[in-house]
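Heads up, the chain below is alone and in the form predicted on its own; it's given as structure tokens.
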Amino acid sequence: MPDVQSMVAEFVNKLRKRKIEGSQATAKCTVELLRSVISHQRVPHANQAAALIDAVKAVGQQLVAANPVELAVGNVVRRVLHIIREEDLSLTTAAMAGLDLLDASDDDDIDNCKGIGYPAMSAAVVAAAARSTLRPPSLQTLLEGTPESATVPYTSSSGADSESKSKSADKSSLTRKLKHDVIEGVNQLIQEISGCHEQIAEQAIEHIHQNEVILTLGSSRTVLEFLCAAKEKKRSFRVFVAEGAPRYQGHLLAKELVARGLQTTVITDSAVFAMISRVNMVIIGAHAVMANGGVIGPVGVNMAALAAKKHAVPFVVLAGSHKLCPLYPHNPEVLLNELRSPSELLDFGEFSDCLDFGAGSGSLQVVNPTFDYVPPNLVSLFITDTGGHNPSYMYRLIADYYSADDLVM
């Protein structure tokens, strides 16, 4: 796969150089790349799902290592792996349904099926299929997933060639069907990521009421669309925007809010505690939501969460499903933060005499973290593209998106 390998190398380079801004854009590009990997991957007749899983994992490890802080990359890689396992289980369930139909019709035919060597299903697969809550298979799925013994009548030994050809064609059909179903599931994931802002914004009218004061911090497109959706529903309210120093992303959000007709007030980050008593709700966008319900957000968000907790103000977090991470903050593979350039804080020319690190003691050091962590006990509500959820429910929601076998890649 020379073309795919070059695409992977190019995307890894972009991740390392931080050329892709935003979790949504990164997640979407990652899924599109994995779709190309799957479509070009040649799979054997046996263990087709395992071959696809190995290929996706190999690429996913490179992507995660290129930018460990962008947890959305690992999230969507695990989502794709879950899709592969889910579709493979769906085909297995359909095959089991076909065998059950055979058992109900003619026990002798089942003995013939065993005689031709149709692969047996392990107890684990049977149990997983029994527990599965997947969508009911369509008639086409049942027909294509049924073993060749159910569709090809057994005649005399002179029909061995036709039986062999039918078995070969059926295997090829199952191979194509697995890849087709996986790619279809990946396409649905891409649509889900692309439309997460709109899905979250549709719920704004349920949470923002007339004449309220909303506080937000930093710049988030999800928050922007959420607030504007409430404005379009004729809700009148005011927004306090903390400026988000030192990058001052709050200034960008304030300009966009004013351009869309919202009453906006910019405040300094240090004034959050002083202004929180006037606020009815704090709404922020998340960089990632951990399995314990903790939130990784823009730097300074923990201060806002503590102020909201002190004054009993609801602290609401907006996050698309691609930001739900199945890992815990204490996991060694989780990198919660990264340091940005000190030049965003201080002018090197003005402080050059203080920044002499070779001088030993007395030199000035600058720490400029990118993210902040909010523990789950400070969060009042999560709003995702599937609805509103309490922090205590996030582990269950995350369990629906990921397989336990894929948590560590």
Partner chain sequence: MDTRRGALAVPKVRRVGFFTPTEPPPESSQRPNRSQSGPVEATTSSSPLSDSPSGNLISPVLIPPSRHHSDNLTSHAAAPVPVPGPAAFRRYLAHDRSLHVGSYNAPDSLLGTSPPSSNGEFSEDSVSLFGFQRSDSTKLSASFPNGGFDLTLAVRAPQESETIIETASASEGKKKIAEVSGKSESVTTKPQKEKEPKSLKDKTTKAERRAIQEAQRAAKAAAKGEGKRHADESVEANPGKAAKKPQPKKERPPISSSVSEKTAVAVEKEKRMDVPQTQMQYDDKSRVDKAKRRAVVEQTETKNKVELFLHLPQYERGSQLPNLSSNFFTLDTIHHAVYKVGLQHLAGDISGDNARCIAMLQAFEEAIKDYTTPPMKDLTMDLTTKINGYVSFLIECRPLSMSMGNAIRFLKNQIRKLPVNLSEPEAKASLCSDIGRFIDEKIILSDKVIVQHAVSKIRDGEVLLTYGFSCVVEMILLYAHEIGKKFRVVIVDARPNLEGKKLLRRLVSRGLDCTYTHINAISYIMREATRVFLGASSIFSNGTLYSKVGTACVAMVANAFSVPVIVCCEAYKFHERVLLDSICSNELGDPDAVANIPSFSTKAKQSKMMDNNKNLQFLNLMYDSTPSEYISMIVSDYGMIPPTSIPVIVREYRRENLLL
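Everything numeric here is computed off the predicted structure, so don't read it as measured data. Positions refer to the first chain, counted from 1.
What comes next is about the form predicted together with its partner chain, which is not displayed.
In summary, among the residues 89, 205, 258, 190, the only one with a non-hydrogen atom within 4.5 Å of its partner chain in the predicted bound form is 258. Proximity to its partner chain in the predicted bound form, defined as a heavy atom within 4.5 Å, singles out one entry of 294, 185, 300, 326, which is 300.
Its partner chain is not shown here, and in the predicted bound form it never comes within 4.5 Å of any heavy atom of residue 377. In the predicted bound form, residue 234 stays away from its partner chain, with no heavy atom inside 4.5 Å. Although the partner is absent here, residue 306 is a contact residue: one of its heavy atoms lies within 4.5 angstroms of its partner chain in the predicted bound form. At the 4.5 Å threshold, heavy atoms of residue 269 reach its partner chain in the predicted bound form. Look at 68-76, 81-89, 235-243, 314-322: in the predicted bound form, residues with non-hydrogen atoms within 4.5 angstroms of its partner chain sit in 235-243. In this stretch, 69-88, not one residue has a heavy atom within 4.5 Å of its partner chain in the predicted bound form; the partner itself is omitted from this view. The pair residue 332 and residue 286 is tighter in the predicted bound form: their Cα-Cα distance falls by no less than 3 Å compared with this form. The pair residue 332 and residue 370 is tighter in the predicted bound form: their Cα-Cα distance falls by no less than 3 Å compared with this form.
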